[in-house]
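First, one chain by itself: the form predicted on its own, in structure tokens.
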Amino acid sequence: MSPVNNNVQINTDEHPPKFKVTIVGSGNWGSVASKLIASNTIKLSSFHDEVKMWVFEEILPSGEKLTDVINQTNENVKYLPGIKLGCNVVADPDLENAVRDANMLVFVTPHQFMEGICKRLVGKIRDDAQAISLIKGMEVKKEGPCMISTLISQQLGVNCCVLMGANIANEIAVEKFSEATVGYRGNREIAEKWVQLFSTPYFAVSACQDVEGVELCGTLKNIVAIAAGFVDGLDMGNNTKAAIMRIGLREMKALSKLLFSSVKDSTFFESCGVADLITTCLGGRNRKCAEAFAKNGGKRSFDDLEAEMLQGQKLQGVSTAKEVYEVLKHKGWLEMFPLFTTVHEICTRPPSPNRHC
């Protein structure tokens, strides 16, 4: 484990060094993040114009490499078609090369890939690097749950903030108004630098000194969204869906505070909390796939539905439900969290969601 650098370097020279940004991830949300960030770096004097985006290389049906097409067209034709990312976004399939010169690292990949990515980056990033995670999920280890921001901090020796919120990527891509919350630990100055990097007239970002609370909101709401999708698939109506969302918010808050006593009640009223829960239960990919699962009577697996419906994107709710279930079972808390427990049971014993409703 590397020592964590909590300090942002302040230079009093007449021409202080500029911040250089790399985005680690290039899916739907990662591509939207690159668009937001690139629109700011090109006009803020404290940042280098160029934004590197690490792309897991794929061969498109045309036979072309995804990175080549992104760099030629300025568009991620697979994960965000029709949206220009910014002329200053450069796709790079070499992870180590992409992060080499960056001192602001934005992590936005499916959470199940993060441990492997961190292992590849140990000793390969700048000593003064700061990080932020846009990743919704957790790792479950023998000693208990490990948040992705903690994994990044421990593996890479960097301070890691988080950004979560009511953020359906495709809506932000076409510049419909949205909000987000940056969660930070001790250094407000670092948080404000991230706020500056992401904020646009259509993407309002605020800071909250509660990393664990912000991150757990973004993680746990995906389980509730699976339950909301079951409700839609069974045509149970809006009243039932509202009840699911209320119970889900209660379980989100209760589990967060059991796991981390520092979590603040007020965090659940930020964009990362109730707002993210609402939008995910109304329009997110987890809700969408869970609705299809219920309509099919549980006869099609979530893996099949993910492959058919999400075009390479990853579901988070099903894997998060499994991880949370493992934590609840280990600690003897299953009966305290009936919604979280039941979602996992439906996902793993698929004959029909009806038997749980």
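The numbering used is simple: start at 1 and walk along the sequence shown. Worth saying up front: this structure is predicted, and the values here are computed from it rather than measured.
The same protein has a further form, the form predicted together with a further copy of the same chain, not shown here; the description that follows concerns it.
140, 121, 195, 274: which sits within 4.5 Å of a further copy of the same chain in the model of the complex by any heavy atom?
By the 4.5 Å criterion, the partner-contacting residue is 274.
With a further copy of the same chain left out of view, which of 81, 237, 116, 186 would have a heavy atom within 4.5 Å of it in the model of the complex?
Contact residue from the list: 237.
Although the partner isn't part of this model, could you tell me whether residue 176 comes within 4.5 Å of a further copy of the same chain in the model of the complex, counting any heavy atom of the residue?
Yes, contact at 4.5 Å.
Close approach of residue 279 to a further copy of the same chain in the model of the complex, 4.5 Å, heavy atom
Yes - in the model of the complex, heavy atoms of residue 279 and a further copy of the same chain come within 4.5 Å of each other.
Just checking whether residue 246 would be counted as a contact of a further copy of the same chain in the model of the complex - the rule being heavy atoms within 4.5 angstroms.
Yes - in the model of the complex, heavy atoms of residue 246 and a further copy of the same chain come within 4.5 Å of each other.
In the model of the complex, is there a heavy atom of a further copy of the same chain that lies within 4.5 Å of any heavy atom of residue 146, even though the partner is absent here?
Contact with a further copy of the same chain, no.
Have a look at 83-91, 132-140, 212-220, 279-287 and name the one stretch with heavy atoms inside 4.5 Å of a further copy of the same chain in the model of the complex.
Looking at the other structure, the answer is 279-287.
Suppose contact means any heavy atom within 4.5 Å; which members of 259-277 contact a further copy of the same chain in the model of the complex?
Sequence-ordered list: 265, 268, 269, 270, 271, 274, 275.
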